[in-house]
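Here we start with a single chain on its own, the form predicted alone, put down as structure tokens.
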């Protein structure tokens, strides 16, 4: 059901997170314009900075409040020198994923015109879908063992979560096919070595059999990583386990121009978090050089989520125009230094707003 205003929780986080979130909020407000609805923003504190000050990564009341929002926009979380008791970085985004069962991360990778990618072997336009609640990351809460000379984590695969993941992958393939993409799903696993991945593949085969109209293939993750470099254009929708997806999505970002252009959406059945794939980049804080595009494109995914959840075509139209404006600016400039330009965060933000039809 459409709404006059959508409640959006923002978690700007650490490092350059507040800078890129501020940019994305400005662009999203401009993209929505006079379409008859608005985005109502509420900002919350969480992350490594908060942990350093208070000993808490995300407050219980914040965790509850973000779950009441229509969507969540996150900046960047974590600082290299801020560690929890077990030696890992403070990462409330993982806690949010687990609390709200955000079982999949959608990570598009597109090489835009005007962006000098490290490769030029045909078009690069793929979607990596990473499972986000199981796999190797499921072992992050395990207590350390008694042996001071070894450590291990358990890799967990369940049928229930894998089926949801694969159904989502096939649904995304159909959507992409309708938009002119091949509509092909590629599973990445290591089923030749680990029985957990053999099970993962068997569940994929079961789901694929329910979607005979969608082409699918299965590749070992090591071979697929090589093919992503040699022939990135062969991939459309990639789906894989949590740890593999974390790595492969970064590879996809690298071959499509860099992490500053990589958006993502962590989705569940009732909640979603939208965030850039990049980190907090403490060395760029306050210099005005952070690339806001990944967060802005994450905002476009947020608008699409609202459109789908609330059957609101106004939000989908705004997302389409926002992406077109980003593509126009990337093609002609200005661009931030990570893309070979000299523009500031604010200059790129204002250029994208100016490129919007209703700005």
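Positions refer to the first chain, counted from 1. Predicted, not measured: the structure shown is a model, and the values here were computed from it.
One more form of this protein should be noted, the form predicted together with ligand ATP, which is absent from this view; the next part is about it.
281 is the sole member of 281, 253, 138, 71 with a non-hydrogen atom lying within 4.5 angstroms of ligand ATP in the model of the complex. Contact with ligand ATP in the model of the complex, defined as a heavy atom within 4.5 Å, holds for exactly one of 165, 187, 77, 109, namely 77. Proximity of residue 347 to ligand ATP in the model of the complex: non-hydrogen atoms within 4.5 Å are absent; the residue sits far from the partner. Looking at residue 16, you'd find a heavy atom of it within 4.5 angstroms of ligand ATP in the model of the complex.
Shown alone here, residue 290 lies within 4.5 Å of ligand ATP in the model of the complex, counting heavy atoms only. Using a 4.5 Å cutoff between non-hydrogen atoms, residue 22 does not count as a contact of ligand ATP in the model of the complex.
Partner proximity in the model of the complex, defined as non-hydrogen atoms within 4.5 angstroms of ligand ATP, places exactly one of 143 to 151, 270 to 278, 215 to 223, 169 to 177 at the interface: 270 to 278.
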